[in-house]
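The chain below stands alone and is given in structure tokens; this is the form predicted on its own.
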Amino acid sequence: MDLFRSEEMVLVQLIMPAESAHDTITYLAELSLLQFRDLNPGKSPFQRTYANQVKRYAEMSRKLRFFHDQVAKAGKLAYRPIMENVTNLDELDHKLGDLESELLEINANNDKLQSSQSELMELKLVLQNGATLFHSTRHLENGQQLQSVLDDPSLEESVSRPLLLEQEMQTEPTKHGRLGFITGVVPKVKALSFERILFRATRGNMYLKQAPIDELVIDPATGEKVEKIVFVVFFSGSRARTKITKICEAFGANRYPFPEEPNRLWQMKSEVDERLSELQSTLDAGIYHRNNVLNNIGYSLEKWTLMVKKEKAVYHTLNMLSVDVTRKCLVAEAWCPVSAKPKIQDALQRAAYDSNSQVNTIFQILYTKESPPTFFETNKFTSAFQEIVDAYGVGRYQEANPGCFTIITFPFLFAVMFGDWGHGIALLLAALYLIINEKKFGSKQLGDIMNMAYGGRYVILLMAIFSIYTGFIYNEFFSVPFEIFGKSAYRCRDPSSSIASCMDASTAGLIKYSSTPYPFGVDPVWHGSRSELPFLNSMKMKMSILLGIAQMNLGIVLSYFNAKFFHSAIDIWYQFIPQLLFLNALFGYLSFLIILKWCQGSKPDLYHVMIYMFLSPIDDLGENQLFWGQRPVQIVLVLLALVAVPWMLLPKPLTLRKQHLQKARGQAYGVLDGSDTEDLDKGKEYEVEGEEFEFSEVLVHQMIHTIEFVLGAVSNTASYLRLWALSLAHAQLSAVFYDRVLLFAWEYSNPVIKLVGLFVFAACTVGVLLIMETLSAFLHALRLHWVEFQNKFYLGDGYKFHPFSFNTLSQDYEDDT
């Protein structure tokens, strides 16, 4: 497994007999080593050879999705199937059709029974509440007062009068009859509108009584539980009955009969209860039968789904192949790794043997100028780092892959900004928890955030380990320093006082009494001293510059390996060398001065040195001189930087133009050696290539690239100062939470206040430092890799290798379920 360059790929052609094509594609899908090309791009899906088979398996997939929805709706889990002999797909198709018909019939019967039960329940509620409503109207002298009101001639005339001032045909005089009524139930949300419309439609010639239902009622039409009320409408006349009936239908109010005689009412209640009991028994038997059917389906549902998905994928791939004119052979073209050729040939032989084919599949290599796909063989540890690189862009075929360097540089730059070995231990525990339980989390469907954390568990592991390392260098444990690696080299001015009780630490300062420095990392006495910020700022800022220049130089060196691998001498002479000279003549020299200053312990102003290196290169350096011969060295470096700019700009476009002209002349003379047809073809190729090369475009492109590198050398170096800024911010936030929250609460003797302070400190540490600061440092490290590092050598304009594989179908099924 080589992560530095992608796997060597080759385009192969497979000529397979039609009788073994299905088994051949199936065996190759199990290998997951071939990416097939579509040889029928101009054909629609319905014009392809195996369109009917794809349509058939799409219908089977629809039935399986229906079964899955029914199993999930019933609350039954699809059991993992026991390994059995593979069912014939024709039998499976027939079986799925029978099961679907049976399940649809069961569901239809259950729906009818549920609807009947809901109607009977509403009728029962009407019978129960209607008696109360009728009893409440008895105070109107058994309905005589209501009858006299409704029989008033003036009101009966108003009922028959139209809503608009239009004339209606004259009707016979109203014949006073017996008072009528309609009972039923209506949704509670529509009750107020229902009453208002009834009043307006009848001109107030009705009497409405309502009784709320305490429990939710299942609506017979929708099957949903809704709030409803029982109503009784009293009216007079057939016209009013017609109007009220239409209004009930419009509002979805279900009407039910209500007997006036008490004996008939009691008998009707008994009949309803008896029918409800019978319906419930029938429903229970139907649900039991339905659950048995769903259990049988759920037992093999996953197995059937994977079988159908595999067959559908196989025929979809077969549709990408071209059919021979004799329809006896299928021709396929696919990309595969060179190292996988023995496995592929073995699979082809097994497929021909198992399908009883008399002719083996022909396997041959095709030579093409097309760029192959990019394929890296990764494992669960390296895949997350490779995904970080691929998120920027998939690498061009066999160019240097930054992924192998990202495994170390990414968590290290993160740790530079997150340096605290206490926080690092917390991250380490979280990463170890994810790694130890990776089988458990891998089989579950996680949320977006948890899935992202689980996928990057090994990235978090290395980030935590490097954070512990940089935390030891910074000597910070939740912002508290410890003398882990030895004693401090400083002491208080008063020998009788300890460092912890020394009052001079934040005023006059400590004195150095030992020539041996602190063995590893920052001396703990710097924390809390009056020179803490100036010292740490200077150290972290210069360290950020050193790390940035080192990583950018690594990127430029990788561009050399790319140019050497692709045999591009132009890029070596006119891109790699001038870029390396320009960057190191300025910022490489600055890095050298930083290290020299640390080694000498001198006090020259490096800002002054770098500025006057350009403004006054020949002036005397004075006390800013760090080594003998510094002034002539700086003059040479400035000249090298100035020469490197036109070196990057002009030679490469001119050389490309010269090569193009030589190639064009060579093609022109080569025409005499071929036939007329070959001459015509070569002439056309020459015209096409001549049109593709434009010197002005190449020059402008190179100018943009040169300006981008020159300005980027400055801006990218400054961008690495984010390492210093975020490290400082992280340390100060940690110190604020420790001093202003935890120590402030610990000054009180009340244990409740101490517990509250500890809880607030823990919440701030987790919420701000372990979550927000982790995300912030992660994003900044990501930017440094994508922009400052990868743009020096990484093109990222390739396309990923997607082999035809059954493994992805299994993962898709897990995601769906």
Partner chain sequence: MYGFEALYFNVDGGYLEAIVRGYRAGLLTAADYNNLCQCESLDDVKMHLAATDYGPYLANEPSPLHTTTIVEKCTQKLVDDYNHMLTQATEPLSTFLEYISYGHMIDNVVLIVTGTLHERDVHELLEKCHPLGMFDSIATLAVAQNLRELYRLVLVDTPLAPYFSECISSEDLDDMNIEIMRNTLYKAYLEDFYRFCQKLGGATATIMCDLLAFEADRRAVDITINSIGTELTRDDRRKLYSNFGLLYPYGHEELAVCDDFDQVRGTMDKYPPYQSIFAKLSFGESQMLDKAFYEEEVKRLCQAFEQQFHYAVFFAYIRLREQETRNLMWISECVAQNQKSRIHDGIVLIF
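Only a predicted model underlies this, so the values are computations on that prediction, with no experimental measurement involved. Residue numbers count along the first chain shown, from 1. In this text, rigid core is short for the largest set of C-alphas that superpose within 1.5 Å between two forms.
Unshown form predicted in complex with the partner chain; subsequent notes refer to it.
Student: Residue-level contact is defined here as any heavy atom of the residue lying within 4.5 Å of the partner chain in the predicted bound form; does residue 767 satisfy this criterion?
Tutor: No, residue 767 is distant from the partner.
Student: Although the partner isn't part of this model, could you tell me whether residue 243 comes within 4.5 Å of the partner chain in the predicted bound form, counting any heavy atom of the residue?
Tutor: Because a heavy atom of residue 243 falls inside 4.5 Å of the partner chain in the predicted bound form, the answer is yes.
Student: Using a 4.5 Å heavy atom cut-off, state whether residue 225 contacts the partner chain in the predicted bound form.
Tutor: Residue 225: no, not in contact with the partner chain in the predicted bound form.
Student: Closest heavy atom of residue 783 to the partner chain in the predicted bound form, within 4.5 Å or not?
Tutor: Although the partner chain is absent here, residue 783 would stay clear of it in the predicted bound form, with no heavy atoms inside 4.5 Å.
Student: Can you work out which of 353, 566, 592, 251 has a heavy atom no more than 4.5 Å from the partner chain in the predicted bound form?
Tutor: Here the answer is residue option 251.
Student: Would you kindly say which of 340, 434, 247, 388 lies with a heavy atom within 4.5 Å of the partner chain in the predicted bound form?
Tutor: That would be 247.
Student: Does every residue of 54, 62 and 65 put a non-hydrogen atom within 4.5 angstroms of the partner chain in the predicted bound form?
Tutor: So, yes: the whole triplet contacts the partner chain.
Student: Could you tell me which of 752-760, 787-795, 46-54, 32-40 sits within 4.5 Å of the partner chain in the predicted bound form, going by non-hydrogen atoms?
Tutor: Going through the listed ranges, the match is 46-54.
Student: With the partner left out here, which residues of 186-208 have a non-hydrogen atom within 4.5 Å of the partner chain in the predicted bound form?
Tutor: Those in contact are 196, 197, 200, 201, 203.
Student: After a rigid core superposition, would you say the CA of residue 193 moves by 2 angstroms or more between the shown form and the other one, or not?
Tutor: Where the cores coincide, residue 193 still shows a C-alpha shift between the shown form and the other one that is 2 Å or more.
Student: Against the rigid core, is the Cα displacement of residue 313 between the shown form and the other one at least 2 Å?
Tutor: Shift at residue 313: below 2 Å after core fit.
Student: By the 2 angstroms cut-off, has the C-alpha of residue 382 moved between the shown form and the other one once the rigid core is superposed?
Tutor: Moves: no, less than 2 Å.
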